[in-house]
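Single chain ahead, by itself, as structure tokens, in the form predicted alone.
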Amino acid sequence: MKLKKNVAVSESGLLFNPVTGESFSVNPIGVEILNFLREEKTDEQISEAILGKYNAEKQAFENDYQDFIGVLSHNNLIESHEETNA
């Protein structure tokens, strides 16, 4: 999965979807995750990077990560590899 190309992300964590005109804000860890998604990192690579950098419980991070991905997907901000290859 990856962040859609038309979605703009500022360093301060502001996301803008020009298709819908909606904007969202995320915290600094959210910005890091979005950058990883833009680089098309796998879920495992993202988890390893975040857990290696921050003192977080693996299960707690993975639950929060799945919630975050769900919100991004619900708001049509990411695309799966199937969509990319279609």
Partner chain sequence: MSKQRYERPVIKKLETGMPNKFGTRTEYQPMTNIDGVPVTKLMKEYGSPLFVISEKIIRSTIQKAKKAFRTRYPRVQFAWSYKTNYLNSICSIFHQEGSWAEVVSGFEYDKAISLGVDGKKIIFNGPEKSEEDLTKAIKNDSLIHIDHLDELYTISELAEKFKARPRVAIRVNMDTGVYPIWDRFGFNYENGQAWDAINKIMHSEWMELVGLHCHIGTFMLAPSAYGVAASKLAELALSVEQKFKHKIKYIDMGGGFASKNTLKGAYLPGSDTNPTFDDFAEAISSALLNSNFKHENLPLLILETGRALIDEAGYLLGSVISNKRSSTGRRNTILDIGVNILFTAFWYDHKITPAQEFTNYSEDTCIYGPLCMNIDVIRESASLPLLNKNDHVVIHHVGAYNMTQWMQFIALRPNVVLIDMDGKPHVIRLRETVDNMNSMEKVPAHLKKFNM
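Numbering follows the first chain given and starts at 1. Here the structure is a predicted model, which means the values were calculated and not measured.
Below: the form predicted together with the partner chain, not depicted.
Using a 4.5 Å heavy atom cut-off, state whether Leu37 contacts the partner chain in the predicted bound form.
So Leu37 does not count as contacting the partner chain.
Find out whether any non-hydrogen atom of Leu72 is located within 4.5 angstroms of the partner chain in the predicted bound form, and reply yes or no.
Leu72 belongs to the contact set for the partner chain.
Going by a heavy atom distance of 4.5 Å, is Thr42 a contact of the partner chain in the predicted bound form?
The answer is no: Thr42 has no heavy atom within 4.5 Å of the partner chain.
Spell out, yes or no, whether the shortest heavy atom distance between Leu77 and the partner chain in the predicted bound form is within 4.5 Å.
Judged by the heavy-atom cut-off of 4.5 Å, Leu77 is in contact with the partner chain in the predicted bound form.
Using a 4.5 Å cut-off on any heavy atom, which residues of 7-24 would contact the partner chain in the predicted bound form?
Contacts from 7-24: Ser12, Leu14, Leu15, Glu22, Ser23, Phe24.
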